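Presented below, as structure tokens, is a lone chain in the form predicted alone.
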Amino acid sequence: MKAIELNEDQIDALKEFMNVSIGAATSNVAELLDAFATMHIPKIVICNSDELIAVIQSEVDPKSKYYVIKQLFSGKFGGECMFVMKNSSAKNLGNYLYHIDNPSQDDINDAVIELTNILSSTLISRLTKELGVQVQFFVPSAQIVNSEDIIYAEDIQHYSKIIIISTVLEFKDQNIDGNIYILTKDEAINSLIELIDNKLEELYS
């Protein structure tokens, strides 16, 4: 497969688009919890598909279980938005969002899904708006897994290159945080590069 690379201008543009998207998502989730939220500066990594598991594993606790919500989106630019939250943080979220000292499993599940819906819809919708395209969202999947099962090898065996756009959502005072990943693969990467180049051309023409 032809080598896939983003030049410095393309990476800077993508980071700027993500910063705008993160700002919108931070505002929306802060409103949901009525609490101060921060999101870290986005990281952008291009890796081989077989390296994805190692990249994810480097950012999680191998001894913990995680809530993992995955949502596919498609269009001119497509991929997957994945939200990963440690079990202890999810319990804190359920406690804080529903004002319950001991939230049930259903309460925790509902809280994580509600938060994820706002995160993924805002991030992707705003990012694709910046890119000048629209996407279709698919029904998300949710599961609780060990850290090593966040990504399965069979999920990526048909892909060569993956762009990982990642950030961290944090409610420091409430001890709630989670990792957000936007994953896009192979032909979608080429579409993304084309969209970025189009926007750069508009800006500098």
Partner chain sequence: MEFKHCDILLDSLDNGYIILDDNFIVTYWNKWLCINTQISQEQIMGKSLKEFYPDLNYTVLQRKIKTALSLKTPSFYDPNSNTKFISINRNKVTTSSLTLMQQQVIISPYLINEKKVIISIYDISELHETKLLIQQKNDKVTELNEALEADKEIINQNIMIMRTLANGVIIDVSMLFCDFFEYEKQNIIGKSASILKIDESSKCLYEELQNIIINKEPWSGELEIKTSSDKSKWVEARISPIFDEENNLIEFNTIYYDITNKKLLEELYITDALTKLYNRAYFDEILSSITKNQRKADINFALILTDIDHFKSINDNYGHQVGDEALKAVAQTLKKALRENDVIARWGGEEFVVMLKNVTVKEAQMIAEKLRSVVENEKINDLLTCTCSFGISMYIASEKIDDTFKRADDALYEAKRSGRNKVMTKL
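Treat the numbers as computed from the prediction; the structure is a model and nothing was measured. Only the largest set of C-alpha atoms that superpose within 1.5 Å between the two forms is called the rigid core. Residue numbers count along the first chain shown, from 1.
What follows is about the form predicted in complex with its partner chain, which we do not show.
Although the partner is absent here, residue 49 lies well away from its partner chain in the predicted complex, with no heavy atom inside 4.5 Å. Its partner chain in the predicted complex is approached by residue 106, whose closest heavy atom lies within 4.5 angstroms of it. Using a 4.5 angstroms limit between non-hydrogen atoms, residue 32 touches its partner chain in the predicted complex.
Shown alone here, residue 133 lies farther than 4.5 Å from its partner chain in the predicted complex, counting heavy atoms only.
Contacts of stretch 100-115 with its partner chain in the predicted complex, defined by any heavy atom lying within 4.5 Å, are made by 106, 109, 110, 113, 114, listed in sequence order. Comparing the forms between the shown form and the other one, the C-alpha position of residue 73 differs by 2 angstroms or more, with the core used for superposition.
The pair residue 14 and residue 134 separates in the predicted complex: their C-alpha atoms are at least 3 Å more distant from each other than in the form depicted.
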